[in-house]
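Single chain ahead, by itself, as structure tokens, in the form predicted on its own.
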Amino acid sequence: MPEQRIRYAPLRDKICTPAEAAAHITDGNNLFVSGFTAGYPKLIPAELVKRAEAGEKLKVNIFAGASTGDAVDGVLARAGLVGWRRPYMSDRFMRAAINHNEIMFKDDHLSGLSAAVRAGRWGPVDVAVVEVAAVTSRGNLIPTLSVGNTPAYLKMADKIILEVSNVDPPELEGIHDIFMPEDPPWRMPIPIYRTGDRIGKPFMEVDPSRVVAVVYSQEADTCAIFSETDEAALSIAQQLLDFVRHEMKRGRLPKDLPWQSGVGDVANAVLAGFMDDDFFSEVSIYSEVLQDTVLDLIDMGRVRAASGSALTLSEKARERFFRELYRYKEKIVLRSVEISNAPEVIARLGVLAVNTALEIDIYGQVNSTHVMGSQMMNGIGGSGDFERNGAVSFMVTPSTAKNGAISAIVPMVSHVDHSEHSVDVIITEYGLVDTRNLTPRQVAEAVITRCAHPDYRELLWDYYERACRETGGHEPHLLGEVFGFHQRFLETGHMLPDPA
């Protein structure tokens, strides 16, 4: 019934079909959508594809919180309807179009996006399409499983289309904490002093007069699929936890610092390590995306508070979350990305930041976005926000990729996302290097010895020793051949990866 989901009567008059709602979007529009791995619209993009298939000339610029699902990025990319896409994305069809220069793409640090939109630096917000779980009696919006940049998009949008989800329960009300800081030069400190602090409102504010259409949706997010954690991820996680435990026992780190962990196998392995580790009997999580393991830790009573901008859950975990929502709401806070990723808050809380690299060079530079330096993978996301501002920044990766065909430890990264100045600790399944009190040459020698796969150490030592001998300097490099390093894999019987 409309009254259950839309408690603000004037908006019920704007209920319409998806086709009628999508008619408000025209060729060349800047389309700002909700979503940060979850909580993205599902119906309106499909209607745009139908119009294009019927022969209409239509192309839009897509701006989201970060990655969305196939219902946005996939369907629009396959239909050739996207001009621009910002910021982070993870859809393989869109990735291919970006790398073929068919879609314009600009990678961004996530923490500054909302302010950039409010300042007008991304152009006009022609239409915002936002998924919500409910509308309150005063016309405020309850998000679904993500917040992302949506509050800023709602503030700036000329037209707003609401997709009201009948899948996500209206009882989500209360899990969100929506706080929009002032823009410079009037910005005050963000008053978060503990991970679970709530500083805003449990809803997103909107001007009802700018809502032009409301549609009902029965479509759910594409649920995450998590593979079994492999031995490399487990080894990396154990080394990381051992290191932090060692630093805390010696008084170099307080015991109750919160954790941030990116998405993927290593992230899940790190969090899973807390389950049977009595030293970390209760942890705080201050991150972007919260995954299944966070629910497991809450069930075990090991989470003090978990703060993020989105919940990305498998189907089984999603069912459990909704079934026992009343209990999880006591521990979980979902915020806008400009708060979850705020450098000020990350530094104040002393977050232990754990993020994943595509490749790391012997001096500590990190490439987390481009395969072979040219092919965009997904984007930098929020890793820069956390790596640059965390109390300790960990960069982790298995030592090889493509089933051992390529080394993740290289002489010089083919693309730089995080400089050596932002990376404190490097970990692969073979070892760990704390770079903080080492010179560049000491870092190189330790990374080759401890982190590189044994099959590639000889190549790396050869490069490093010749660079020291032939070039010298603070960080010796053989720039004439550094980008031919991967070519030498062929000479040793290894295969080059396929950038596609």
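Keep in mind that this is a model prediction, so the values were computed, not measured. The first residue of the shown sequence is 1; numbering continues from there.
FYI, the form predicted in complex with another copy of the chain isn't displayed, but the following is about it.
**Student:** Is it true that Ala23, Ser90 and Ser227, all three, sit within 4.5 Å of another copy of the chain in the predicted complex, judged by heavy atoms?
**Tutor:** Not one of the three qualifies.
**Student:** Please identify the residue among Lys249, Lys316, His421, Arg323 with any heavy atom within 4.5 Å of another copy of the chain in the predicted complex.
**Tutor:** Of the candidates Lys249, Lys316, His421, Arg323, His421 is the one lying within 4.5 Å of another copy of the chain in the predicted complex.
**Student:** Ok, Cys223, Ala401, Val167, Ala391: which has a heavy atom sitting within 4.5 Å of another copy of the chain in the predicted complex?
**Tutor:** After the contact test, the surviving option is Ala391.
**Student:** Answer for Asp242 alone: is it within 4.5 Å of another copy of the chain in the predicted complex, judged on heavy atom distances?
**Tutor:** It does not: once another copy of the chain is placed as it appears in the predicted complex, Asp242 has no heavy atom within 4.5 Å of it.
**Student:** Is there a non-hydrogen atom of Asp126 within 4.5 angstroms of a non-hydrogen atom of another copy of the chain in the predicted complex?
**Tutor:** Looking in the predicted complex, residue contacts with another copy of the chain do not include Asp126, since no heavy atom lies within 4.5 Å.
**Student:** Determine whether any heavy atom of Leu438 comes within 4.5 Å of a heavy atom of another copy of the chain in the predicted complex, and answer yes or no.
**Tutor:** Result yes; Leu438 sits at the interface with another copy of the chain in the predicted complex.
**Student:** Tell me, yes or no, whether Phe179 is in contact with another copy of the chain in the predicted complex, where a contact means a heavy atom of each within 4.5 Å.
**Tutor:** Output for Phe179 is no: heavy atoms all beyond 4.5 Å of another copy of the chain.
**Student:** Among 148-156, 106-114, 402-410, 201-209, mark the stretch whose residues have heavy atoms within 4.5 Å of another copy of the chain in the predicted complex.
**Tutor:** Single hit among the candidates: 106-114.
**Student:** Which residues in 340-358 have a heavy atom within 4.5 Å of another copy of the chain in the predicted complex?
**Tutor:** Read in sequence order, the residues that approach another copy of the chain (within 4.5 Å, in the predicted complex) are Pro343, Glu344, Ala347, Arg348, Leu349, Gly350.
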